[in-house]
Each structure stands twice: as C-alpha cells, then as structure tokens.
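A lone chain, given as structure tokens: the form predicted alone.
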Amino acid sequence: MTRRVRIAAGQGFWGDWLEAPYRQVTGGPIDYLMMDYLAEVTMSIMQKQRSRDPSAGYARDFVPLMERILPLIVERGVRVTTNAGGVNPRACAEALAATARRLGLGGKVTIGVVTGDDLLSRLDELLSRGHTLTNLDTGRPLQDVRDRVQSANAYLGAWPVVDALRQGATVVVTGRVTDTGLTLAPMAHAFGWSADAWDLLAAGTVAGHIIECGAQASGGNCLIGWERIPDLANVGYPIVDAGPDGTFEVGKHPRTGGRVTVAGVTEQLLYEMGDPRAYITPDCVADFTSIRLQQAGRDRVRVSGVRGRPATDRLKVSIAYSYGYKAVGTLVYAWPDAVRKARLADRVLRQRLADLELQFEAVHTELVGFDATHGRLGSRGVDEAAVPEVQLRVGVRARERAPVERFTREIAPLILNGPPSVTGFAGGRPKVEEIVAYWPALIDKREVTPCVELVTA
C-alpha cells in the first residue's frame, strides 16, 4: 500500500490560469495532477460545439496545455485525472494521443476514457419507462421542456476513474464526473479503499471539494484578510498530501504566492455546500460537521475526523435546455448628477420599448457603481450627487428573439437623444444571446452504466 499520495489541483474551471498546471508539475514532487473543467452550463456549450463539429465537445485548451507538460508528466511519473472530456471524452483522448505521438512519446502514454454519463440520446426511452426526471427545484416533469433539451448528463463518481487508473492509465479523461471524484479516485486507488469504506471515501470527497476550485483554497478569491494575501501574481495552487487513514494536509509548493490557512480552507468548504450534515455525491454522503481543521505549519492545514455515510441509490442529472433570448446593453454617465442622468435614460428607454409594444418576460436595470452589487442597500446613505460616474446596465429577456433584437437597437440612440455626458458605449451594440436554462433531476443508479476504455499513444 502507498504510504502517502500528493494530488495537485491544476485547473478549477474551464478558463482557469493556464500557467497553474505547469507550475504544479515543475514546482515540486506530486503524484497526481487533478484538473476540473466542468460546470452545469459548460456541458450545453460543449454539446452545441459537438453538434456543429463531431470532433468537438471537449475543453479545447486542455490538449495544448498537456502538450507543454506531457513530457514532464511521463518523465516524473505523474498521473492526470480530468473531466476535460466534456460531452466528447473519446475525441479528447484521441487528440491527446496524437499530441503524445507528435512529441515522440508513443507507447509511453496510456489514456483512460470514462463515458456513460451522457443520457441525451436515451431521454425518450427513459421517459417512456416512467423516469420523469422531475425538476428538483420546481417539481415539473422533464416532458414539459423535452423538445428544447440540449444536454443531459448524469454525475458519475470516482470508481470509473479508479478502474482506469488500475488498468494503467497515465491520463484519465472523463465526461461529467463529479469535481470531488477526480481527487477521491487517486486516493481510493493508491490506498486500496473499498467501495463501502464510508469514512475514508468521505475524507477523499472533502479533499476533492477543498481543491476543486483551484487557488480558491490557497488565497484566491479569499474574503478573510484578502488585502494581506502575499504575491497573488505568483499564487500557488493547492496540493492535498494524504495518508491511507483518510487524514490529509492541504498545502502548496514552496516559494509560491497565496496563503493556505484554516480560514481560507473553511471558506472553500462552505462553497456550494448545501446541508452540512449531508454533502451528497455518487460515492458517499459526507458529514461536513465532522471535519476538523488545524493549522499544521506555514501554508499547511491538517484535515481529520471526516465521517461518511452510505451513498444514495440515485445519481444527479444535469440537464440544459433552451429557454429564450437575452441581451444586455450599457452606457456610462459622468458627473455631475451621473445617477440622475442614468435613471432618466432608463425611463426613456423603457418608455420607448413600451411604445414599440415589445413583449419581454423581464427588463432589469442596474446602476453599476451605485446599486448593482447590493441593490438598494448598497446605495443607502450615499450622496447621489457625489457619485462621479455610473454605468447604466439594462438587460432584457424574452421567449422570442425578435423583441430582444429590437432592444439592441434602442441603446445607442440614447448617446445623442438622451441625457448628456455619455462617456462610454461599452462593448458596442449589444448581442442577442440564447438563454440556456438548468434543469436538475435524479435518476436510479441502475440506469447508468459507466464505461472505461484505454487509448494508447
């Protein structure tokens, strides 16, 4: 049995810092590099890309990033777990294999591909057999929006990733595997944990939750003492240093910026937590009230005491569907009386939209720099006349595209035929965007069968 395992966070979302994985691999010894790319809306974006190009549908920046570090990964024996595969993990794996061969690493890189999460092609069959996929928030059956569904993916857990690692995968590329599963899997594999070791699985889940958002656990986006976080330009991403008993320490490479503290780790634990007594994943139910944190040294936090319970018999399904259209337009007004000018412009714009008899579900206005972040609370007690500038931000939403399209033509005229002192027409004419709405549901685990295959470079 392995005595310790070091799992480094390299990406916390699709679009995270491209330097982070390189720095994690080169900054000190690690055993695994974990890279998390997926959010709920990401899947629908990738599904659209795949509908236009069968070879697309995964995080495109993943392969160029791996091209930079793959020789180092092979040389140092680092293994990678990532859900960069999106809705097309097989194409992602093939692209990575081609890159490995181009780098002269043929025969040295094995890629595990985890599929089985994509339920889009099975929706009608599932609905016909009585799986209503009821919206967890509204109680509505999926049939209400079936004709507008763009993607449907069940959240797989860590065990298919464990299977790929056991088969010798250097890199494991998955579709919608849970963020936490990408860290739990290396721990379960390295230490030989069983599928019913609930406390250990819960500990691995907590470890994954702490580092799933990258530098958010090591000083980035930190509320407590944010002004004293050192050298954020060189921030070190977090690393879990774990033992077989489920205890672990969160740290980062030496000579990097940022800070790992009990307060910072606590903030990350609160992220998307829900019921602290029941953090539900496909692998277990973790009790966050059992977690014990201790500052174990400079930039090291020890985590212990995590308790877990058996996993549920269902999986969460993330469904995205087309809802309508939106557009957002902005104008910047300058002192004097910037707030009053912006309010007048808003009234004028709304009157013109009403005169055109356009049908919107919603028209929303914010005065950025005055009341946008905290609403009326933010502007309470503020002297309006003293505000030097304000951005008028107006957004509209409609089921049909036509009224939103017309709205985009009504912002610019205010520059000359509205209140004075417009100093910026931010971004030019607003663009009409399709609204992708989120539909969370549950499905019986027995209806989802993960599949693991290997691709050799």
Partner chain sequence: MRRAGHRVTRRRTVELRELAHARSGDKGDTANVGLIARRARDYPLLVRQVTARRVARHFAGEIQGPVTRYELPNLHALNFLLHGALDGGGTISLKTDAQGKVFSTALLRLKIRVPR
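Source: prediction; values computed, not measured. Numbering follows the first chain given and starts at 1.
Just so it is clear, the following notes concern the form predicted together with its partner chain, a form of the same protein that is not shown.
*Asks:* Please tell me whether any heavy atom belonging to T373 falls inside 4.5 Å of a heavy atom of its partner chain, as the geometry stands in the model of the complex.
*Replies:* Output for T373 is yes: heavy atoms within 4.5 Å of its partner chain.
*Asks:* Does P276 reach its partner chain in the model of the complex, with heavy atoms at most 4.5 Å apart?
*Replies:* Yes, P276 is a contact residue.
*Asks:* Flag V74 as yes or no: does it have a non-hydrogen atom within 4.5 angstroms of any non-hydrogen atom of its partner chain in the model of the complex?
*Replies:* V74 lies outside the contact set for its partner chain.
*Asks:* Verify the contact flag for A362: yes if a non-hydrogen atom of it lies within 4.5 Å of a non-hydrogen atom of its partner chain in the model of the complex, no if not.
*Replies:* Yes, contact at 4.5 Å.
*Asks:* Give me the residue from D299, E249, E366, D199 that has a heavy atom within 4.5 Å of its partner chain in the model of the complex.
*Replies:* Spelling it out, the residue with a heavy atom inside the cut-off is E366.
*Asks:* Of the residues N221, N234, Q295, Q167, which one places a heavy atom within 4.5 Å of its partner chain in the model of the complex?
*Replies:* Looking at N221, N234, Q295, Q167 one by one, just N221 meets the 4.5 Å heavy-atom criterion.
*Asks:* Partner absent here, but in the model of the complex, which of 185-193, 109-117, 373-381, 88-96 has residues with a heavy atom within 4.5 Å of its partner chain?
*Replies:* In the other structure, the partner sits against 373-381.
*Asks:* Are there residues in 384-403 with a heavy atom within 4.5 Å of its partner chain in the model of the complex, and which are they, in order?
*Replies:* Residues within 4.5 Å: R393, G395, V396, R397.
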